[in-house]
Every structure is written in C-alpha cells, then in structure tokens.
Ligand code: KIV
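Listed next as structure tokens is one chain, alone, in the form predicted on its own.
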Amino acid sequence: MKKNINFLLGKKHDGIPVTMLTAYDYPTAKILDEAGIDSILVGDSVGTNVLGYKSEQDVTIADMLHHLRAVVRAVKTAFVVVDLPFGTVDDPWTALENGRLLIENGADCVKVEGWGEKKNVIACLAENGIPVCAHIGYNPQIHGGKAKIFGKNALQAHELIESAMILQDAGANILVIEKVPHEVGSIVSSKLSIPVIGIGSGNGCDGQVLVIHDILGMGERVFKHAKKYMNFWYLASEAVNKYKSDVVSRDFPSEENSWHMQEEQLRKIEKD
C-alpha cells in the first residue's frame, strides 16, 4: 500500500515515530522502500553529497527532477518528499510552477525551507492542491553551509514555535525541524497537529530524518546529530584496493569468471 499524509498522521496519533531517510538514486530508494521506511526525502543535500557542489544553493530544479525520477522508479510504498531548491520559492507563483513540476514527476509532497516568512508560499501551494512539508530551524538554503543550533534562548525558541504554528495554519502537511534543542523539538511536536520530523532536534519529535550517507558512513565526517551504522567508506576502499590488487596479479578474472570456446571452434580460428 502506498503511504500518504493520512498514514503519517495516523502514526503521530498513535505515538509511533515516522521514519524518513534521504535517497537520490534508484538502488538506494529501492533498499529504503523494501526496508519499510515510511518516507523518502529527495533532498537538495544531493548537491553536497552526490554532485560535488559547494553548497545546497548550487542545486537546480533540473537536478532535483533528475534525481526525483530515479527515486520514484524504485518506490512502491514510501511517501516521497522532494526539496524545492534554492531560488524556486522566492514568491508564491514561482513556487507553484516548480511545485507542480515536481508533483507531475512523481513527488507526493514538496518541501519548502523557511520560517514564518514562507507562509504565503506554503498557502499558495496548499490552496492549489500541492502537499507541502515546511522546514524550520537550520535551513541550508538560507543560512549557508555552516550549520548552527537555533532556539537556544527563549526569544528564538518562541519564534520557532510561532513559525511552526503559522506554517501549519498556512496549509503545511508536515514539518521538518532541524538543529534545535530537544526541548524545542518536543514543544513544537506537542503543539502541532501535523507530523513533526526532527533532524538534530531530539527524540521528542514525531519522527526522524537523516541523510543516508551519514548513517552508512559514506563520508569521512561524523556529525553529532547523526549515528553511523556502518563504515561504508572503509569497506568500499578495502574492496576497491583488493580489486586493484587482484587485477594486477591476474587473480581476477579467475576461471569461474570466464567463458571458453569449444575446442573445434578454437582450432578453426588458430588455423586462420
């Protein structure tokens, strides 16, 4: 069964955390979908994790469409959320045009970075039937590549809570809250009727999202907000070095990796 907004709302109502991870390609999305991950985020983090860009601000709508299509081809049940990248939500009508494009290419929901100032953008999308995931706290598109914690003092925490309420009232169906104190994440989750998905915001949120590269150890950096469940970087390097050694020593390909001609056919060639 394909998961939808009501499925995610049901999990919030039942107190069961929503699971979300990023994916940018077919094989990764297939693994996540078959594992039963509730929601897949085709994030603009594709820029820094896959495309070699310096920041998320370099990601284009064409980039997002390319990776969205790859993910959608693999997904059977997960709820697919995709980022509206930098420069595509500057005004409501630009956001609507780009949002429709992503929905037409298989997204179930589009994500918009920004606090309360994005209420008109989110309202326009929602009024035109496009499901929206709001994203407050640290916003890579807005705050740049150097992450910091938001909401450590009462004034900023109040602004985060107020923004969350404003965006929900504007029509947001989900909220991602990034890099805020545990207490703030918990308060926002308790006040909102929509699912609140945390990243670096404590376990009081209605669910969690992480970048797949971080949990698999595909990069050399380890982030405080993430947990590395394996060291893919080391394992992949080990495998590549073993392959290189086997090729140089002629241990690969071996007999089991090769095919042979019938002897009489071989003799015909040798006679020539």
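On a predicted model such as this, the values are computed, not experimentally measured, just so you know. Note that residue numbering follows the sequence shown and begins at 1.
This next part talks about the form predicted together with this ligand, which is not shown.
With the partner left out here, this ligand still marks one of 215-223, 43-51, 29-37, 238-246 in the predicted bound form; by a 4.5 Å heavy atom cut-off that stretch is 43-51. Proximity of residue 167 to this ligand in the predicted bound form falls outside the 4.5 Å heavy atom cutoff. Mapping the unseen interface onto this chain, residue 135 counts among the residues with a heavy atom inside 4.5 Å of this ligand in the predicted bound form. This ligand in the predicted bound form is approached by residue 199, whose closest heavy atom lies within 4.5 angstroms of it.
This ligand in the predicted bound form is not approached by residue 108, whose heavy atoms all lie more than 4.5 angstroms from it. Checking 121, 71, 176, 188 against this ligand in the predicted bound form, a heavy atom within 4.5 Å turns up for just one residue: 176. Counting a residue when any of its non-hydrogen atoms is within 4.5 Å of this ligand in the predicted bound form, the hits in 194-226 run 199, 209, 211.
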